[in-house]
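One chain is shown next in structure tokens, namely the form predicted on its own.
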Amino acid sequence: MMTRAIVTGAAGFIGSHLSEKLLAEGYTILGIDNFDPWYDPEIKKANINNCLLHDNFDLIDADIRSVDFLSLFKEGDTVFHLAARPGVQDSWGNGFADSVENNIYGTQRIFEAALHTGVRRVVFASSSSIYGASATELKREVHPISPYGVSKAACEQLAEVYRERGLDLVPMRYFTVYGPRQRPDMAMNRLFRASLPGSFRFPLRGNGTQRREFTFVKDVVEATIRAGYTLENASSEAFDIGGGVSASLAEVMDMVEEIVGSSIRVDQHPLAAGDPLITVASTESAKELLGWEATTSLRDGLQEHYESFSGSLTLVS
């Protein structure tokens, strides 16, 4: 049965794609976003423009740390909780306070309100960062190596607490998401920017051999919707959502240069703290229980990302 969807972080990278897809499938959506100036709010406003034109979409400009969720949530709602303070490197030092307030405290407020209002399910964004350096083919355990990873692991622990009280919760461990509307601080946007005319240079940390399971945003959205509506019985299972192939940053840089037709300007930096050498998703559970697996190749996803990026340079300059 179709229910109203609540999307936090609706104007963000993943949230705006999720909102558009849900609207296309006939859902009514209440989007929540505070247009945090952590990066240019005008980018987020552009992300959500198409949704705002839709009759079945309402947007509330509000902060998850203070908004009255008890008055917004209704029995039977499905909540997709994507709002967070992102960024591994920005979570060190004083930045951890923002990770705690936005990621842990904000998430706890959503779980609490969902429990008391009869929300049918909460699907929330976790991260491969909870694994730290252990998300490999041979080893897999929750062992974060950054404050950001700690904040996301804490959200999953909170989920266990609220699941014990009867709340239906599904954690989604996203692996290095890329695609149109990616945040300007993320690697793919920076690579494309550094390959086009201008003075911007890509800050290469390490020698480019670090490997990631890059995951196209539209595949992430499909998995997220299936977790909200197709999954029959949520359990304590958290789903790894990965693109299917682990590629090195150097390999990605070669693809970007091929797509753009020019070299990437690079500044060399030491490998950053909290940056694992490899991440590999284990998507067997997602395939079995969600009927999902990524369908977008890295090369095709990068091509679509570039076409979107090159068409919106005025927003990311």
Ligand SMILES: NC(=O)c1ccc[n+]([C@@H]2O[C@H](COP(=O)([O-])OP(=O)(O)OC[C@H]3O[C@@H](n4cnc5c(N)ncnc54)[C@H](O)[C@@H]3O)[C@@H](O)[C@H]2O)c1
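Here the structure is a predicted model, which is why all the values come from computation and not from measurement. In this text, residue numbers run from 1 along the sequence as written.
Only in words, not in the display: the form predicted together with the named molecule, which the text now covers.
Engineer: Spell out, yes or no, whether the shortest heavy atom distance between A97 and the named molecule in the predicted complex is within 4.5 Å.
Structural biologist: Contact with the named molecule, no.
Engineer: Although the named molecule is absent from this view, report whether S127 comes within 4.5 Å of it in the predicted complex, heavy atoms only.
Structural biologist: Close contact exists here: in the predicted complex, S127 approaches the named molecule to within 4.5 Å, heavy atoms only.
Engineer: With the partner left out here, check for me: in the predicted complex, does some heavy atom of R65 sit within 4.5 Å of the named molecule?
Structural biologist: Output for R65 is yes: heavy atoms within 4.5 Å of the named molecule.
Engineer: Does any heavy atom of F111 come within 4.5 Å of a heavy atom of the named molecule in the predicted complex?
Structural biologist: Looking in the predicted complex, residue contacts with the named molecule do not include F111, since no heavy atom lies within 4.5 Å.
Engineer: Non-hydrogen atoms within 4.5 angstroms of the named molecule in the predicted complex: do A11, I14 and T176 all have one?
Structural biologist: Yes, each of A11, I14 and T176 comes within 4.5 Å of the named molecule in the predicted complex.
Engineer: Name the stretch, out of 49 to 57, 34 to 42, 255 to 263, 268 to 276, where some heavy atom lies within 4.5 Å of the named molecule in the predicted complex.
Structural biologist: Contact-bearing stretch, as computed: 34 to 42.
Engineer: Just to confirm, with a 4.5 Å cut-off on non-hydrogen atoms, which of V79, A83, L191, V170 contacts the named molecule in the predicted complex?
Structural biologist: Checking each option against the named molecule in the predicted complex, the one that comes within 4.5 Å is A83.
Engineer: So the named molecule isn't shown here. In the predicted complex, which residue out of R163, R183, R211, R121 has a non-hydrogen atom within 4.5 Å of it?
Structural biologist: Selected option: R183.
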